[in-house]
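One chain comes next, on its own, written as structure tokens: the form predicted alone.
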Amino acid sequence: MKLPRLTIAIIGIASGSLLAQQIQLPQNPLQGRIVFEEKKCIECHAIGGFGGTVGPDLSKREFFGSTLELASIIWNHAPQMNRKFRQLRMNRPSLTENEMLDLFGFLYYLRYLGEPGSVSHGRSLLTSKGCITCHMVAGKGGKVGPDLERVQGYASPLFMVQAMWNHGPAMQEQIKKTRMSYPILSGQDVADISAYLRQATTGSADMRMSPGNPAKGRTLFEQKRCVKCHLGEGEARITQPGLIRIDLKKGVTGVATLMWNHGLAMMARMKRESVDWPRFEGNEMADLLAYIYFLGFEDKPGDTQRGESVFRSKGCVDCHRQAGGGRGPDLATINRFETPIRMIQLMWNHAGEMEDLVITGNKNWPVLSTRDMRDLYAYLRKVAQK
């Protein structure tokens, strides 16, 4: 069954002309785990310590980057992977375009939840950040806010972030009254506090939020009027730095704390713009954060002229010649380069044959940087549209 996809149109300027570049976001980032196992990637690569040891544990990578950054990593290691396939007598897996998208979405999602929290540090943070001034913890603290040990939802980082956000205006007012400093948090702080509350809570219900749906998050980004001040993708109007320009190489709690730390500034801006403070219910905060997190999955528009140079200098033109005559197909006849995923899927599925041609031609495997990939895609898409 073909899974639904959200297609995002990115308009960029390349070589002096407008070039539409598109990317797709998975609706369920965890769907790629099935592909990861069915295609036997797990035979060589572990996730969180579970799986093979031939290759690195992929959950330990700091950040996989954009679609084409991850593609360049995989492409550059294709010869090593091909050798391992032969040594292990494994068939090289072939992937459909949907499977490639799911797999990439899953790999990018691995760092979404960030690092596990520290219970002891979380307990000390409740004091150092001033939380106990208003909230009771372990029988000590204020009574302005609820007893944190009895708020079961706070045991989930995403529920805690949502609750903090919804009570943001009231919390800001109380902070002013008590003349406290506004607490600045890191993503790890949120994880630590949540870890402490998870083991300290006295409730019986196990409150959890799903990982979040990036497609639903994009809709919420507009419905909650975040778009009035922030550029997500595709909007022409912008009054604050676009989220796609922020370094989002963070897990979900890191993204959430960016919102919290700018709470005072956002509140002041909303008052000037006559915008109500948005509230989030159910799984909405998780969906919104998933959308913001996956903005880092996109790629900048490529340069078509440099892409043509890459096509020639890396030897692609030796096999893929216009009007035919090469060992590979004329790429101008492949009219389905709507997304980078399509190019990546074709490159992966033919990497075994391409390696054979490189070896028989006594040539080196063409190493491609992220920029090379980006420009190559821009060039091939332009050629295929003629």
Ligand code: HEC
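Keep in mind it's a predicted model, so treat the numbers as computed, not measured. Note that residue numbering follows the sequence shown and begins at 1.
Just so it is clear, the following notes concern the form predicted together with ligand HEC, a form of the same protein that is not shown.
S.K.: Is Q305 close to ligand HEC in the predicted complex, meaning a heavy atom pair under 4.5 Å apart or at it?
M.R.: No.
S.K.: Quick one: is A191 in contact with ligand HEC in the predicted complex, heavy atoms, 4.5 Å cut-off?
M.R.: Answer no; every heavy atom of A191 is more than 4.5 Å from ligand HEC in the predicted complex.
S.K.: Whether G49 contacts ligand HEC in the predicted complex should be assessed with a 4.5 Å heavy atom distance threshold; does it?
M.R.: Taking the distances in the predicted complex, the answer for G49 is no, it never comes within 4.5 Å of ligand HEC.
S.K.: If you check in the predicted complex, is V54 within 4.5 Å of ligand HEC, heavy atoms only?
M.R.: Judged by the heavy-atom cut-off of 4.5 Å, V54 is in contact with ligand HEC in the predicted complex.
S.K.: Check each of C229, V119, M136, L110 and return the one that places a heavy atom within 4.5 angstroms of ligand HEC in the predicted complex.
M.R.: So the residue touching ligand HEC in the predicted complex, by this definition, is C229.
S.K.: Could you list which residues of 268 to 285 come within 4.5 Å of ligand HEC in the predicted complex, counting heavy atoms only?
M.R.: The stretch touches the partner through R269, M270, E273, V275, P278, F280.
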